[in-house]
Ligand SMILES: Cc1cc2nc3c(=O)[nH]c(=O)nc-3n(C[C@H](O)[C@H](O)[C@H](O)COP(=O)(O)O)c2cc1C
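The chain below stands alone and is given as structure tokens, in the form predicted on its own.
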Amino acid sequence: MKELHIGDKIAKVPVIQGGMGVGVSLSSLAGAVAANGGIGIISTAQIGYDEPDFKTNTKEANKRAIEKHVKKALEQANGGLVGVNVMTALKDYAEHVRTAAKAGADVIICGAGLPTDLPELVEGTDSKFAPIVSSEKAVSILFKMWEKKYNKTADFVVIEGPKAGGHLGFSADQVAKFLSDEENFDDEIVKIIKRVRAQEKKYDKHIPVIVAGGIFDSKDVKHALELGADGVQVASRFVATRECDADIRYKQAYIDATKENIQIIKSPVGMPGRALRNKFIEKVEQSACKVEKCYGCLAKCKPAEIPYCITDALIKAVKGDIDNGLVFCGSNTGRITQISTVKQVMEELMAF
């Protein structure tokens, strides 16, 4: 079986579990994936949502929860690798990265914007870092910025395609275009890999490339590897597992989903996102939901101008209030039919 080497860190299986917030991928899921040979990822987005002081002391509750979940996942990992996903769009993005690195996260993955200062934030730690990109242009910009400012480059790169769940690094028109011509994005993946390989020569180091978005089964994994990738990132498949940190009603929503009730929405973050169509989405299409409290999660959010509070909507969902919450999902969620285990999902992904 192909191993995934990220510097001196080795995953026995070339599968990274995608970070899912709020609270969907915490220490239980990440620890289980790591224990089964992959890289388990904890999402730091409002990670402290179930801490007793979250509403009154959000920033500290999140920092405390990052440290707690990273350490807990590492204890469960049986020597496997554990990391975090930190959205660059978060107001406390830098603090989340530093806290996770200090807690011992093996890898730190940042998307939802370009993490221009990421090398600086992990300086002096053993954490390996990667950006999430969706175009050759984006990775080129980052490489040039990091070279000029830090004389450093990424330890690995995650390419996220248009079939991913949650926030997408495309315009709504680009998503539609790529979905109508899948080979089109394959071409983009190949371009990004070529750019990364050139960077490898420049820095005399291996920079693994991970393909994400719509990876559902071993056929998808094999295809990504044939394009030249070193591994894959998979998220939605891990939601309907016993080990996933979300409420059972959240998992059931995935099982009940059909291709027809998965849609592209406009998130308050300002990006397109993919989610399950439910009563909540129908409601916000008709009228905005008043923001009762701002949790200060996003750097550019203006509470008076958004249709709903994304923190509130995601917390309700992960706690099981599916009708009144936002349920992000990947494009293949409708193919999930039962609750399984992390071990089963990992075996199915690598059955080729």
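Residue numbers run from 1 along the displayed sequence. A quick note: this is a predicted structure, and the numbers were derived from the prediction, not measured.
Quick note: we don't show the form predicted together with this ligand, though the next part is all about it.
Triplet Pro14, Val221 and Met346 all within 4.5 Å of this ligand in the predicted complex via a heavy atom: No.
The single option of Pro115, Gly166, Gly83, Gly231 touching this ligand in the predicted complex, heavy atom within 4.5 Å: So the residue touching this ligand in the predicted complex, by this definition, is Gly166.
Position in contact with this ligand when the complex is considered in the predicted complex, options Pro208, Pro272, Gly214, Pro268, heavy atoms within 4.5 Å: Of the candidates Pro208, Pro272, Gly214, Pro268, Gly214 is the one lying within 4.5 Å of this ligand in the predicted complex.
Location of this ligand contact in the predicted complex, chosen stretch of 223 to 231, 156 to 164, 97 to 105, 187 to 195 [non-hydrogen atom, 4.5 Å]: Only one stretch passes the 4.5 Å heavy-atom test: 156 to 164.
This ligand contact at Val175 in the predicted complex, heavy atom, 4.5 Å: Heavy-atom contact with this ligand at 4.5 Å: absent for Val175.
is_contact(Cys329, this ligand) in the predicted complex, heavy atom dist at most 4.5 Å: Result yes; Cys329 sits at the interface with this ligand in the predicted complex.
Ile132 within 4.5 Å of this ligand in the predicted complex, heavy atoms: Flag for Ile132 set to yes.
This ligand contact at Ala235 in the predicted complex, heavy atom, 4.5 Å: So Ala235 counts as contacting this ligand.
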